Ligand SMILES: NC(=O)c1ccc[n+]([C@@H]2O[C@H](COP(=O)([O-])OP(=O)(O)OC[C@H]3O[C@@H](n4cnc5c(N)ncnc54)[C@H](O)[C@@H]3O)[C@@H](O)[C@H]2O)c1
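Below you will find one chain, with nothing else, as structure tokens; this is the form predicted alone, and questions on how it binds or moves follow later.
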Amino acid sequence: MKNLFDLRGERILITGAGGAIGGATARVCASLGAELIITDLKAPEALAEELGNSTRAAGLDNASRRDVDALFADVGPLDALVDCSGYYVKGDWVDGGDEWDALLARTLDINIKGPTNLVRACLPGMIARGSGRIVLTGSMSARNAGSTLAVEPAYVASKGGLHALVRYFARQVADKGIVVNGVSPGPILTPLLVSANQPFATDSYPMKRLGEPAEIGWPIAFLCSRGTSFMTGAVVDVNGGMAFS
């Protein structure tokens, strides 16, 4: 019986690969034999060199439909798309005025418009081939409004919208051999989280710790595999038992 979790021969595009979770996902998928195209605002060339295996790096702003369409026209057929890009900046939503309005707009651009641009661009090729896997990265914040009271409301709203989009996209292409799923990480030890300087009471967490980026990368790799052929519209909780669907 063929091992459906083997990614050898699979072409996967991973956005946000310059970040901790995106980079970890790229490393996991490469270790399983996938051919990768990895992107971030600045092309992650060092990671592509590290991974080898014909890995290609490119710069991409997911919020630019023109840039996304140009990249997809250039990279050719894909077996899977993974969007690990994300935007989180703290601001004062009560008294922040125009500054917070701009933060909200950029958050929605990256966390909602970006995934929509990516899905829209990859679908024609996947539909033509009659198969494909799409994975979008949400957040536990969409379920519980954040693991601390300090979580930015623009981020919470955008990730809630992303979870809804996973289900919407899944319904749209369920009859075309394409599955669309998401992951919903809890607090993960990343530079973004550390820079946010949020107080995480890990002693109260079921596993007493934050997650590691690779602990999100492995579930994403599973969702990229052909083992998910009858699984679509799911947003998989990967949060150490902190919240449940």
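Note that residue numbering begins at 1 and tracks the sequence as displayed. Model, not experiment: these values are computed from the prediction.
Missing here is the form predicted in complex with this ligand; even so, the following discussion is about that form.
The stretch from 46 to 54, 178 to 186, 201 to 209, 26 to 34 that comes within 4.5 Å of this ligand in the model of the complex, counting heavy atoms only, is 178 to 186. Proximity of C84 to this ligand in the model of the complex: non-hydrogen atoms within 4.5 Å are present. Taking non-hydrogen atoms only, A214 never approaches this ligand to within 4.5 angstroms in the model of the complex. In the model of the complex, none of the heavy atoms of A157 sits within 4.5 Å of a heavy atom of this ligand. Using a 4.5 Å cutoff between non-hydrogen atoms, V235 does not count as a contact of this ligand in the model of the complex. Residues are counted as partner-facing when one of their heavy atoms sits within 4.5 Å of this ligand in the model of the complex; in 45 to 70 these are L60, D61, N62, A63, in sequence order.
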